[in-house]
Every structure is written in C-alpha cells, then in structure tokens.
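Just the one chain here, the form predicted alone, laid out as structure tokens.
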C-alpha cells in the first residue's frame, strides 16, 4: 500500500506544475495592467514603470514565472492589489469556511445519495424507486443559483425558518449545503442504483441468499462493497465541480469562503488573489483525488496489486 501511495503522489507533480503554469498565465492573458490597477487610472507613466520594475513585471515571462514559483514554494503568494494584505493570510481566513461548506455538502450527498440508490435498487420499479429517480432527475437538472434563490425565498423570506446569508451557526449552513450537494446527491443516487442492480444479479449474491443469509446482510455486507467501487471514482471526479459550485453558492448566500473572495477578486482584477485562490483549490482537489485513490485501493485490492 505504501508503494502505491508513493507512486500516486509522484504522479501529482507534473499535474501541479501544469496548474502553476495555468494560474500564472491568468494574469498575463487577462485584460488589465496590474501596475496600473495598483496605482489607479490617474497614475503617471513614470510611476507605472517604477511599479513594474519593483514587482518584476518588466522581466520576460519565463523569468517572472520561475520567480513566482520560487516564492510559492516558500509560502509567499504575494500581496493583494486592493487590500495590500498577504494573499496567504486572506486564503487562511477564508479556507475554513469553504472546507466547512464543501465537506458538509459532500457528506450530505453521500448519505442521501447512497441511501436513495440502495432503496431504488432493492425496491426496483416500486413507488420508492420512481420517487428517488424523479428526485435525482430534478437534482441533476436544477441550476444551483435558481435553487438557492428559491430556497431563500421560501424558507428564508416567506416562512422565516432559516437565515438567508452569513456564517455562524448550523442554521446558516443548512441551505448552502443543500444547494451545493443537490446535484452530487442526484448523481450518486443514480450511480449507486445502477451499480447495485448489476451487483445483486451476480452469482455470489444468489449463493449468499441460498445459504439463508438475511437480506440485510446480503445487501450491506456483500453487495454494497462491490457496488461502491465506481461510486468512489465518481466522487473523486465530482470534487472539482463541487468547488466550482461552491463559488456560486457562496456568492448567493454571502458565505465568507474562498469562492466568494475569488468572485470579488475577478471583478477587481486582483490578480495575486486570483492566482493564489485557484492554486490552493487545485492543490486541495489533487490531494482529495489522492485520498480517493487510496480508498479505491482499499475497497478493491486488485488496484494496488496492479
């Protein structure tokens, strides 16, 4: 297992280098001059030229990239153009809120999605099956921004059950987590259903039933473990979409996470914050995929032996 983890870890290095190239290119492919943004529209050309020289913006792109990469390795993500605060401090302040929202949404999606998929497979063609798959179709098709606005209108404004914005207590987490998890929940439910239907028709399931084992043991001990193999892969593939959805969800509910900070930085052309936030999100997704690979190898030992 240790060799498997080390091999997977080293495969992340070229991906991480590619991510740094992309995030560095954001500043140079986007419209706007960072030096002019720092000083304002009324700044003189002499002052702008001085800022370019101080920050190394007049150097060739490949030299700028390696200098930026060297600072990133040491933990220096630069300073925000607008607030002049260190970017790493801004990310450190916002990261817990984003992780709280995304982890809660993923746990909710797994719990509800797996339960709905199992019920749909075991009770195939029943009203429970039709209800679960209708909900799954609704979840996949529903735009998260529209769902968020409708929940705010119904449960926040009309009924007054839940707060519509901010972060602090559990009540403020409920609506953003549900909105963020709905699409993932639906995808997991449909995948678990199809995987369970395939597994429960296998010969070893028929053998387990013929031995007189209780249906609960057959489903949860023998069928579910094998049915979860493609689900682990799907969860890993959905992580980037989960963080992408967090950008929209945090903006709608004024959730003080990295997604909302990223949106504000895009409008303000705050390139250091954009670069740092995108890079941190990419690193989190990569390590989450590594964790998914480890879980995948535990669920299916043939993976690590190969």
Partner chain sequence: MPKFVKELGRNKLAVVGIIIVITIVLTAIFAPFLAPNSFREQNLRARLSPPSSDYPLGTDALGRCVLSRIIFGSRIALTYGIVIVSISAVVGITLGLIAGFFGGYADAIIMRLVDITLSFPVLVLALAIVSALGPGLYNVMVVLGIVGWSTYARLVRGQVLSVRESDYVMAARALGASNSRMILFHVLPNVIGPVIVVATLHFPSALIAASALSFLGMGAQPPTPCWGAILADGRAYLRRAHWIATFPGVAIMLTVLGFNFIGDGLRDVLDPRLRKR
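Numbering follows the first chain given and starts at 1. Remember, predicted model here, so these are calculated numbers, not experimental data.
Not pictured, yet referred to below: the form predicted together with its partner chain.
Check your understanding: its partner chain isn't shown here, but in the predicted complex which of 90, 200, 224, 152 has a heavy atom within 4.5 Å of it?
Key -> None of the other options qualify; the answer is 152.
Practice item. Only one of 171, 210, 74, 141 comes within 4.5 Å of its partner chain in the predicted complex by heavy atoms, so just point that one out. Key: After the contact test, the surviving option is 141.
Review point. Which of these stretches, 216 to 224, 108 to 116, 185 to 193, 93 to 101, has heavy atoms within 4.5 Å of its partner chain in the predicted complex?
Key: The contacting stretch is 185 to 193.
Check your understanding: For residue 84, is any heavy atom within 4.5 Å of its partner chain in the predicted complex, or not?
Key -> No, no contact at 4.5 Å.
Check your understanding: Taking heavy atoms and a 4.5 Å cut-off, does residue 131 contact its partner chain in the predicted complex?
Key -> Judged by the heavy-atom cut-off of 4.5 Å, residue 131 is well away from its partner chain in the predicted complex.
Check your understanding: According to a 4.5 angstroms non-hydrogen atom cut-off, is residue 164 in contact with its partner chain in the predicted complex?
Key -> Close contact exists here: in the predicted complex, residue 164 approaches its partner chain to within 4.5 Å, heavy atoms only.
Point to revise | residue 64 within 4.5 Å of its partner chain in the predicted complex, heavy atoms | key: Close contact is absent here: in the predicted complex, residue 64 is far from its partner chain, nothing within 4.5 Å, heavy atoms only.
Exercise for review: For the heavy atom contacts within 4.5 Å of its partner chain in the predicted complex, list the residues of 73 to 92 involved, in sequence order.
Suggested key: Heavy-atom contacts within 4.5 Å come from no residue here.
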